[in-house]
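The form predicted on its own is given below as one chain in structure tokens.
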């Protein structure tokens, strides 16, 4: 997959990444403070909730981004997309794993990405409870707390530890289980953290070998995707179409050799 970005954007990417890291750490401190409190939980759709912390973190991050880069646009899970022709857009999920957060389950994060068009430029995923700051910018490699990370060299399906996220729609869940069920017959084991960003970004240091999901929003996946790609993974789709942040197709993240093995296994579904 090749998603090109302009030279001028690459020159600015380190500065944008540093800003995102700083903001993510500040937002993470707020999440740590509030996660064991009693939450105000509101339904916003089928199997979909929002808490007061989602909104508070979102407001903090948007204010910081606007102060730093007033000419950039922002798309956030709770506020939606700004109607802007800005060449750089930030994608934000203030609390990825809200259901976990609302139940004091310690698997959630904040994830942010800067994109130019459909091309990811920089991404951050911060797990505030474990103090794991994953970061990357295009062409700069991926890091965890400042140390370089790299995907595992797993090539055999029998050795795969893979992760999934379950869509909310019942029919989509049944379809997803077809893929996961076929893989679990031969793979080593399956995990589901309840946070798409964590599931994807765990491919970067080799904690997972492969990830797949039926339906994700751009803000769920893009920050983690650029980190995984810079660590050696590739992003694809279950249909075989090229991956982009706004692609409606189900997503797969793995090393190149493992992705091909996965596609071969799934033939016929």
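Small disclaimer: the values here were computed from a predicted structure and weren't measured. Positions refer to the first chain, counted from 1.
One more form of this protein should be noted, the form predicted together with D-MYO-inositol-1-phosphate (IPD), which is absent from this view; the next part is about it.
Check: Can all three of 14, 123 and 144 be found with a heavy atom no more than 4.5 Å from D-MYO-inositol-1-phosphate (IPD) in the predicted bound form?
Finding: Spot residues vs D-MYO-inositol-1-phosphate (IPD): no contact at all.
Item checked: Heavy atom within 4.5 Å of D-MYO-inositol-1-phosphate (IPD) in the predicted bound form - the one residue of 210, 216, 229, 57 that qualifies -> The option sitting close enough to the partner is 216.
Check: Out of 52, 63, 48, 26, which one falls within 4.5 Å of D-MYO-inositol-1-phosphate (IPD) in the predicted bound form, going by heavy atoms?
Finding: Residue within 4.5 Å of the partner: 48.
Checklist line | Region of this chain that lies against D-MYO-inositol-1-phosphate (IPD) in the predicted bound form, out of 148-156, 133-141, 195-203, 80-88 [heavy atom, 4.5 Å] | finding: Only one stretch passes the 4.5 Å heavy-atom test: 195-203.
Check: With a 4.5 Å heavy atom cut-off, would you call residue 165 a contact of D-MYO-inositol-1-phosphate (IPD) in the predicted bound form?
Finding: Although D-MYO-inositol-1-phosphate (IPD) is absent here, residue 165 would touch it in the predicted bound form, with heavy atoms inside 4.5 Å.
Check: So, in the predicted bound form, is residue 110 in contact with D-MYO-inositol-1-phosphate (IPD) at a 4.5 angstroms heavy atom limit?
Finding: No, residue 110 stays farther than 4.5 Å from D-MYO-inositol-1-phosphate (IPD) in the predicted bound form.
Note to self: My question is simply whether residue 114 lines the interface with D-MYO-inositol-1-phosphate (IPD) in the predicted bound form - judged by any non-hydrogen atom within 4.5 Å.
What the structure shows: Looking in the predicted bound form, residue contacts with D-MYO-inositol-1-phosphate (IPD) do not include residue 114, since no heavy atom lies within 4.5 Å.
Notebook entry, point to check: If you check in the predicted bound form, is residue 97 within 4.5 Å of D-MYO-inositol-1-phosphate (IPD), heavy atoms only?
Noted result: Because a heavy atom of residue 97 falls inside 4.5 Å of D-MYO-inositol-1-phosphate (IPD) in the predicted bound form, the answer is yes.
Margin query: Pick out the residues of 78-94 whose heavy atoms come within 4.5 Å of D-MYO-inositol-1-phosphate (IPD) in the predicted bound form.
Written below: Just 93.
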